[in-house]
Structures are given as structure tokens and as C-alpha cells.
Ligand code: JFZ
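First, one chain by itself: the form predicted alone, in C-alpha cells.
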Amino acid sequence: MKRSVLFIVLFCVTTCFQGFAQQTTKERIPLKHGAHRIGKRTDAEMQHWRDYGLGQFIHWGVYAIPGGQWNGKTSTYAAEWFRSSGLITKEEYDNLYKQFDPTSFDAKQWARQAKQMGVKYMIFTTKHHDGFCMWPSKYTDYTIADTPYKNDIVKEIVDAYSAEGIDVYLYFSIIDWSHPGYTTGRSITAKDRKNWENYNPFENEEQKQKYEEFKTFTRNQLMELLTNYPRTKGLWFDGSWDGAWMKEAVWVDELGKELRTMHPGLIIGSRFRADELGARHIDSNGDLIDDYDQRFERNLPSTLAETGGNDWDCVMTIPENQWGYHRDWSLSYVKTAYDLIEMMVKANSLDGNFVINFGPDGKGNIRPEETKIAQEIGDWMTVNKDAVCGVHHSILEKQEWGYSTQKGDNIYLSVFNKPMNNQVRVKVPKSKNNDMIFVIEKAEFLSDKKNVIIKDGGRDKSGSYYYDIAIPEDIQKQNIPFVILIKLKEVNKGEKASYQQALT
């Protein structure tokens, strides 16, 4: 008995100590340049962003001219990084712009294709790491104005997509290999992060002074983009892993405030800046920096918990690791329309947007394989877009047949794993009221809008109820995912028997 009492006392003391230790480790760090808001934005612009569902990314620049090949040799490098492939000299690459004449480019046709695909927003590469500007920037001669094409491609994109009701976001690379003041600095190591206050990304004072010129240049270009294209909804940043940029937390934070003042409602992803301790995306207190989580490329979470409760999007390539145009798609696995539709609905079911990348060639053509995929996705979206746009995580738990999304009282079951018995078994949640249960009041397939017979499937050991929805013969024969719209009704347990009888 004494031992039991002693054990209880020791347990309580240990638990209290652990709780105190956890509180101590979770003590917030006073940050001036971390997250400026805890939790999600609640304004109309951000709610509109959440409702997109599907987006399009377009990587296009002078790297589309070689398309991953040079002098008979093929690079396995990502095509948009071709300048660093080793197959072309920097001088050769830096003169490619003199050949850039995309005579087949038709922004209106691109926008029509995107609209048919079901796209609600698009992200366009105004300037990638090579520094070539797809708009006539007055701050450099390395722009579209200095090519045979000459026309302002960013303007054509913004105008065409906006005319189709598709919002435009501008990609901008912090890295700029063409600017003499740009420096990558030293590689960031764990040791650097521990001693961040003393981290120096520059080799000498001259390099540091040149970087000041680069900062001014970068600010000017961002201001220029928002001035020239006021219909822009937001900015999508890349390259902010650069050590020198990360070290400029104070300056970058002030720049962000300036951009937001200039363009009210502007949406900026989490790749723009670091806090003063060198933490990117998520600050040193664990809070999201800026407006939504720009997850690492092709990073699709598996559970809602992985999203951290943040707004987020996933950008996805069609080939495994190519963003810009590559002539040879046989280098890696190429995703099918089915693959991409499943990824999209999975993202939607976890409260995220899904963005599919396209890489046009040097003449401005979207390759036939990508066009075919866009058409197939669009055909599916024409029927099933209600399961994708304006939806959120549903009250149903994840089930083997696929994913569920919800909009108001409507719950959409997107079935990717068609059951062998052609019966979709749906497990409904438990009511918070012990005297009540949820039943499926209505079910219909979005492809034909016909009501279907719902059969009672019983319940499991935990007391959760199941219902079976029969798949019609015409849908059984299709080799594409399908969507069932259901509505739940909460009834008294005493009404279950009569409801069950009505179902049969």
C-alpha cells in the first residue's frame, strides 16, 4: 500500500515536472520579423483564394529554347536550370534571348484551355533564376523587349487570363544570375543557424556593397510589376533560401509591408522571407510567415494534421522533375490525368489548392501531351467541379474508396478505388448527441443527377453506421473516377428502424 502511495506521488511530481518542462520549451520568442498574424487571414480576398480548388502554373522563359538538350546531348537536370547543366556555357545561355521569338504564342488560347480545364487561378514566371524578364523592365536590358518578339508577355498573360475570369499570380525569383550584385553567399549549415547572429554571407566588403545595389534593383522590379499589372492578385516567390536574402529579414519584412500598402489585399506565400533568426516558412515560434504555406514542390500532405491548420497549396509537375519545357519526357515517369485528378481531390479534401504545372516550348506551344491531359481533366471537371471548387475538409473520415469534400450540407464522395462488388460503402460520423444518429438522407451521382437506392449496411464495433450506395451499370463500365453527392440527416435513434425499412 505504501509503495502504491509512493508511486502515485512520484507519478504526480514527474507529470507536473514534465508539464512545466513543456511549458518552458514552448515559451514564445520575442520576434519583430516573424509572423505578423496568428492564424488565417479572414478577409474576402483570402477566402476567394481558398475557394479556387485548381490552379495552373506556367514555367516559361529562354530555357525553353534548348529544352534540356544542347549539341546532341541531353540533360537530366530540370530544364529551367539548364544554365547550370554543364552542357552549355554561361555565355551561350546568356545570349539565347536573342533567339527568343515565340511566334506560336497565343495567350488567349492558353487562357481558354485553362478555363476548359477548370482552372481558377494561374501562376506565371515573370523572372526565373536566370534573371530574364518576361516583361519590359526598365531596370535591366535582359528582357523580352530586347528579343525578336519584343511584346510584353506578362501583360498578354494577365489580360487574357483575367478576361476568362482566371486570377493571375506572378512568380518572381529572388535569385538572379544575371545581376552583378547577386550572390549566393555561403551554404547555410546547422552551425550557421546556431550562430545566426554572426553569420556573414559575403566574402568581402565589396560583395556586400554590390548586394545593396541588388536589393534596390529587386525592390524596383517588384514595385514595377505591381504598378504595370494592377490586376495581379498575389506574388509567388522562389529562391529565398539564398543565405544573403535570409539574412536580410528586417529589410525584406519592410519591403513586404510596402508591397501590401501599395496593393491592398495582396496575397504573398510563405517563401518570401525568413525571420531574424533565419527560420523560413514557419518562424521560430512555429507560426506561418505571410499568408499561406507554399509547400515544397510536389509536397502533398497525407493528413489534415500535416497542414498545421494553415492555408496551403501544392504545386505539381506532370513529368517527375521538370518545370520548364524538356524535349525528352522519357527521362522519368509522366503523370496521367487520372493521377492528377486524384492528387487534386486529395488536396481539396485537406483544405488545400492544387496547382498543375505546364512548360511551353520555345515557340510558345503547350506540348500535345499536356494539352491532352488538360482536356481530360477539363472533361472530368465539367461534370464534377462542385467536388473541387469552394469545398473544404468534410465531416467524414478518410475511407478506402477515395476522398470526401464538403460545401454547406453537400458532401461529395470522389471514388477512385471502385469496389469490386460495385457497392460504395459509406461510414457516417457519430452524432454528438447520444440519442441521435446520422443517416444518409439523399444520394445522387453528379454524372447523371439521378437519385439512387441507399441500403443500410449495419454498424461496426464502435457503433458507427454504414450505408451502401449501388454503382449504376453505365458508371461501372467507365474507367474514370466518379463523384456521389450525399446529404446527411440527424434523426432520433428510435426513427432508425422506420428509416431502414424505407431504404429497403
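Not measured: the values here are computed from a predicted model. From 1 onward, residues are counted along the sequence shown.
Although not depicted, the form predicted together with the named molecule is the subject of the following passage.
Engineer: Residues in which of 390-398, 283-291, 142-150, 238-246 have heavy atoms within 4.5 Å of the named molecule in the predicted bound form?
Structural biologist: Heavy atoms within 4.5 Å of the named molecule in the predicted bound form occur in 238-246.
Engineer: Can you tell me whether R83 touches the named molecule? I mean in the predicted bound form, with a 4.5 angstroms heavy atom cut-off.
Structural biologist: Output for R83 is no: heavy atoms all beyond 4.5 Å of the named molecule.
Engineer: How about Y338 - does it come within 4.5 Å of the named molecule in the predicted bound form, if we only consider non-hydrogen atoms?
Structural biologist: Flag for Y338 set to no.
Engineer: Under a 4.5 Å heavy atom criterion, is H128 part of the interface with the named molecule in the predicted bound form?
Structural biologist: Close contact exists here: in the predicted bound form, H128 approaches the named molecule to within 4.5 Å, heavy atoms only.
Engineer: Going by a heavy atom distance of 4.5 Å, is R273 a contact of the named molecule in the predicted bound form?
Structural biologist: No, R273 stays farther than 4.5 Å from the named molecule in the predicted bound form.
Engineer: Identify which of K138, R260, K108, R298 has a heavy atom within 4.5 Å of the named molecule in the predicted bound form; exactly one of them does.
Structural biologist: Among K138, R260, K108, R298, a heavy atom within 4.5 Å of the named molecule in the predicted bound form occurs only for R298.
Engineer: Only one of Y199, F214, Y77, Y171 comes within 4.5 Å of the named molecule in the predicted bound form by heavy atoms, so just point that one out.
Structural biologist: Of the candidates Y199, F214, Y77, Y171, Y171 is the one lying within 4.5 Å of the named molecule in the predicted bound form.
Engineer: Would you mind checking 342-377 for residues with a heavy atom within 4.5 Å of the named molecule in the predicted bound form?
Structural biologist: Residues within 4.5 Å: none.
Engineer: How does the C-alpha distance between E297 and E248 change in the predicted bound form compared with the present structure, closer or farther, given a change of 3 angstroms or more?
Structural biologist: Compared with this form, E297 and E248 lie farther apart in the predicted bound form.
Engineer: Flagged pair Y199/E297: C-alpha distance shifts by 3 angstroms or more in the predicted bound form. Which direction, closer or farther?
Structural biologist: It is farther: the C-alpha separation of Y199 and E297 rises by at least 3 Å in the predicted bound form.
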